[in-house]
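Given as structure tokens, the chain that follows is alone and in the form predicted alone.
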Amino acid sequence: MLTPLALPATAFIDPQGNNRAAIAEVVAHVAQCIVTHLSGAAQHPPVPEVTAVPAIAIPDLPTPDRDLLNTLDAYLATAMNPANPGYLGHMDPMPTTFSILGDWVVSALNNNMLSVEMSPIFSRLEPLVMGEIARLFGLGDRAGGVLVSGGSLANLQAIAVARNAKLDTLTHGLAPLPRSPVIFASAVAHTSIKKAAMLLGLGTAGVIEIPTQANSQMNADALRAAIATSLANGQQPFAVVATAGTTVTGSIDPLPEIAAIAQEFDLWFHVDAAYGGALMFSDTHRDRLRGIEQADSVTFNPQKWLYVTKTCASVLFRDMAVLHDHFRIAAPYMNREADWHNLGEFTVQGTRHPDILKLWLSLQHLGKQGCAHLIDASFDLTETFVAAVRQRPYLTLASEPAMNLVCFRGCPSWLPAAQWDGWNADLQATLCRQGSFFLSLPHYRQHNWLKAVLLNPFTTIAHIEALFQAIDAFAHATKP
């Protein structure tokens, strides 16, 4: 039995309701802080300056509730602020209301997606929702998937299944293989592909990079040539990774051509559609992903263009039986249900947060039409942004945007080309310092570029016009 002074009165929610009023007061305060902060997010900078952090020493005695609540206020004020309509730097959206609430609920329940008995409703809900989404991608009636904590884990699991299925390495690993296994990916594929290769025993050199075209898409002819060279060199190709929404330019690789090459050489075809996968919800734009229905596996992150609060990522498989046969490790210490699987046996993670509730709630709340509206509106805003870039001779695009991501840079004729990288970095810093707009500054093709992701549903044409007025002002100030 705990003595009255051992713990704060609000340390836990008493299941018999003895501290209900005190808990309700704390929860109401936090809820009010969140709503107040997010409702006023447009008045706070996209990336606030952090001048100090709270004390980190673990105290000997409990800290009063009011002091902790004040600390939360400070964290809210200095956190990244993607709800600001001027936050355009990354693929990090403001979250839907019901995904926030769903995350709060599952945090309170603290269920574990390791097994059905530890998450009885959520372990049933996840495979049903994942099957529905997989069918939306055209992967067929045998398709399904699992949620994971981020796109890097999704790509890792997909490549692990590909390795085991194509090379029969589930039991004995890579040692018995007579040839070195390799995979193929675009030179601008996400870094998680090389991480996966490193973790899976291929080494980073096990990823053969395929050059891109001028539009930042994988060159299909170069892919076919690289596979032939790899075979001639005595290597063992087993998978090709296409990207639908590259990190810097948002480009989509030529999926039908890559799918045909993968089939020709009997390679596993994985599509990293962590960002671009949301296009499947838009009747207007889903054809941009034509060919994804031929994939053996797909990475798709609803935490990006579907606005579900982090983390919410998934890996989908054309045939869930392959996942069962080439990845599953049984957990004999967990009870099994006749019709439902312990999902921890089929995922990289064992213990896992029930992210499925916030995904399901958000999809139910928005519906397919709501999701499509958000995506289509992003494209409309992108057209305005691209037109503004093209109207300025001192700006240039990295590629033709395939979605709501625009990569561009300044090439001011009044400065030597050697100074352009510094000009772009100074522009990015100036916009950020002014507190109205945040663009990211990726290093691409050996130079600094500016990246805008038109993701916030409250960003308007007026915001875009104000941004380019600020860019024009900066440009004018740098002229001799």
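Note that residue numbering follows the sequence shown and begins at 1. Not measured: the values here are computed from a predicted model.
Same protein, other form: the form predicted together with a further copy of the same chain, not shown, and the subject of what follows.
- 156 is the sole member of 165, 227, 156, 388 with a non-hydrogen atom lying within 4.5 angstroms of a further copy of the same chain in the predicted complex.
- The partner is absent here; in the predicted complex, the one residue of 268, 394, 98, 137 having a heavy atom within 4.5 Å of a further copy of the same chain is 98.
- Although the partner is absent here, residue 65 lies within 4.5 Å of a further copy of the same chain in the predicted complex, judged by heavy atoms.
- At a distance threshold of 4.5 angstroms between non-hydrogen atoms, residue 14 is in contact with a further copy of the same chain in the predicted complex.
- Residue 384 falls outside the set of residues with a heavy atom inside 4.5 Å of a further copy of the same chain in the predicted complex.
- With a 4.5 Å cutoff on heavy atoms, residue 282 does not count as touching a further copy of the same chain in the predicted complex; it lies far away.
- Remark: of stretches 399-407, 227-235, 366-374, 250-258, the one touching a further copy of the same chain in the predicted complex is 366-374 (heavy atom within 4.5 Å).
- Contacts between 94-112 and a further copy of the same chain, taken as any heavy atom within 4.5 Å in the predicted complex, involve 94, 95, 96, 97, 98, 100, 101, 103, 104, 105, 107, 108, 109, 110, 111, 112.
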